[in-house]
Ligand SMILES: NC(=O)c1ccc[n+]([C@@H]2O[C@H](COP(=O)([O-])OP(=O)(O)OC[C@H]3O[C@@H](n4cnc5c(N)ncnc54)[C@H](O)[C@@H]3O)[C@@H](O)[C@H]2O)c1
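Here you get one chain, nothing else, as structure tokens; it is the form predicted alone.
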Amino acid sequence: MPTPSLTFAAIGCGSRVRTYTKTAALLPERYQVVAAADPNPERLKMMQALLPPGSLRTFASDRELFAAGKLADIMMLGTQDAYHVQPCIEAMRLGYDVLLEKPIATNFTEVMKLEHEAARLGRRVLVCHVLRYTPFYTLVKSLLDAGAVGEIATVTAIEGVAPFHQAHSFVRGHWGVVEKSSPMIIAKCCHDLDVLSWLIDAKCLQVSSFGSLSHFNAAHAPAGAPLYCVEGCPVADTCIYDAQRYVGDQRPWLQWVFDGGVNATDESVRQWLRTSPWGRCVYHCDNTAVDRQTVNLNFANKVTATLTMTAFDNGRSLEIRGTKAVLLAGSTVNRLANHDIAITDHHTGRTEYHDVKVEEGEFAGHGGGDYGLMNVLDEEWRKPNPADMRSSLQRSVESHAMGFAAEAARLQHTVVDLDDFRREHQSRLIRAE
């Protein structure tokens, strides 16, 4: 077997790292995953099953992996949001470059800290903003760069999380309590803010935002609803959030939260739901993440943009209005016109359609972005200037600033100036040191 161009170690072997590992295994002449750390032995077994027998060294913790020295070129970090910065810095100090799952950190001061350390150590960090690597957004970007709409004037983006996804991840799940994870606009929508920054291609100057947790609370609980759905809810047959759907049509979600759950017996799943956070009534949880939020953005090139995150739609939609034409793209256009992108010329009124093809199965994750990222990763790593990588840390800091500033604007009921916001957090970083 030829020597691969890049080798990987991994910390945190959940769904994201296993997805990248699976793709790396399909490209053995380019990539090899040689080490992995996770406190859950079942996840390490799943990693081993993806790779040639005997090729993976496993460790019970990141401490143990770091103690073994530098084992690979790149460290894949797929830990929970609150544990990104510390292992990333330790990996860089050992000599690793890093493939970092988003978000970079749970607050902007920590984002700046990591950026500072990467620059000081001369390390490459690529953030897994995989939407930049999808066929869909790659085509949108190429159309804009070719002048399809003329000069961009306004952009409207919608992120429809989908009701059950909201319930699974942001009410019952890991990101339901903001104080233990990240604000919703970062945890779910730093992808979307990153895409806006990329498409508009200018510095963001000001941000305002409005949003709230309005539906998933006790005020909307049906009469007689128990704390856990399996305890006998009187509206179970009509509730779209009934946790017993994990036994039925929503069973695929179990692969992320219940090891072996996808293939477990129905009774085993029901027993698990009796005590699991994912068995709770969505109206009786401890969640604090918003279920709706709108962000208003003003850019240096005079483009204005809005991003709406809502639990009550499904899929991403994009509207870009320019001096020459209007580009509509994403789930709304697909539902109404059965096309991915529609461009209507202001002068002629004619509409042209564009479609993208995403492979099914192995390569479909995040609209093809998971495979798209891995397929160009070695090319990205060869770029002389690390900042030129398509989703480099340096570029990703911009969208994280937009997101954290948006959350500050929402909480403080104000317009946030991005330069002031950066200076404030730079001062916090200096004081902390």
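Each residue number is its position in the shown sequence, starting from 1. Please read all numbers here as calculations on a predicted model, not as lab measurements.
If you look for the form predicted in complex with the ligand, you will not find it shown, but the lines that follow are about it.
Undergrad: Identify which of 354, 124, 251, 174 has a heavy atom within 4.5 Å of the ligand in the model of the complex; exactly one of them does.
TA: Contact check passes for 174.
Undergrad: Of 110, 313, 101, 90, which one comes within 4.5 Å of the ligand in the model of the complex, counting heavy atoms only?
TA: Result of the distance check: 101.
Undergrad: I need the one stretch from 393 to 401, 59 to 67, 23 to 31, 379 to 387 whose residues put non-hydrogen atoms within 4.5 angstroms of the ligand in the model of the complex.
TA: Among the listed stretches, the partner-contacting one is 59 to 67.
Undergrad: Indicate whether residue 410 is a 4.5 Å heavy atom neighbour of the ligand in the model of the complex.
TA: Looking in the model of the complex, residue contacts with the ligand do not include residue 410, since no heavy atom lies within 4.5 Å.
Undergrad: Although the ligand is absent from this view, report whether residue 84 comes within 4.5 Å of it in the model of the complex, heavy atoms only.
TA: Residue-level check for residue 84: yes, a contact with the ligand.
Undergrad: Please run the contact check for residue 374 against the ligand in the model of the complex: heavy atoms, 4.5 angstroms, yes or no?
TA: Close contact is absent here: in the model of the complex, residue 374 is far from the ligand, nothing within 4.5 Å, heavy atoms only.
Undergrad: Is there a heavy atom of residue 128 no more than 4.5 Å from a heavy atom of the ligand in the model of the complex?
TA: Yes, residue 128 lies within 4.5 Å of the ligand in the model of the complex.
Undergrad: Are there residues in 23 to 61 with a heavy atom within 4.5 Å of the ligand in the model of the complex, and which are they, in order?
TA: Result: 37, 38, 39, 40, 43, 61.
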